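In C-alpha cells, one chain follows: the form predicted on its own.
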Amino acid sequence: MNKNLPLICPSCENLLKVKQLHCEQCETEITGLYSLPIMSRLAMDDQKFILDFIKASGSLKVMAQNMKLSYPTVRNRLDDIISSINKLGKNGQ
C-alpha cells in the first residue's frame, strides 16, 4: 500500500517539516529540521498535472487533448498551479 506524505499537521493545520531521514540499506540516519520541497507541498492532483505536463514535453495543446479539455481550461489550471508555487515560495522553503 502506497502512503502519501502528510503535509499538514492534523492537530493545528500548520505545515509539517521533515525531521529525520533513514536509509534502509545501511541504517544511516540524518536528523535535523528540513522544509519539504515546494513541489511536494503542492496538492497531489497538481503534482500529477505537472508530471503529465512534462511528459507532454510542455505542450498545453497535447495536455488539452489528453485531458479532453479546452486549451484555455488547461492554461488556467497551469496558471493556478504557478500561482500556488509563487505563494509557497514566498512563505519560505
Partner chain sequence: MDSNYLINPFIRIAGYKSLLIGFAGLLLVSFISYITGTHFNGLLFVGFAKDSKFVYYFLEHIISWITIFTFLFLSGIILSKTKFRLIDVLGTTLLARLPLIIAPILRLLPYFQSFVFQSWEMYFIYGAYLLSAFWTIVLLFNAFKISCNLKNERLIISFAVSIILSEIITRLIINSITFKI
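As the structure is a computational prediction, the values presented were derived from the model and not from experiment. Positions refer to the first chain, counted from 1.
Unshown form predicted in complex with the partner chain; subsequent notes refer to it.
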Give a yes or no for residue 73: in the model of the complex, does one of its heavy atoms lie within 4.5 Å of a heavy atom belonging to the partner chain?
yes
4.5 angstroms heavy atom contact with the partner chain in the model of the complex for residue 18
no
Within 4.5 Å, heavy atoms only: does residue 79 come near the partner chain in the model of the complex?
yes
Residue 69 versus the partner chain, in the model of the complex: is there a non-hydrogen atom within 4.5 Å?
yes
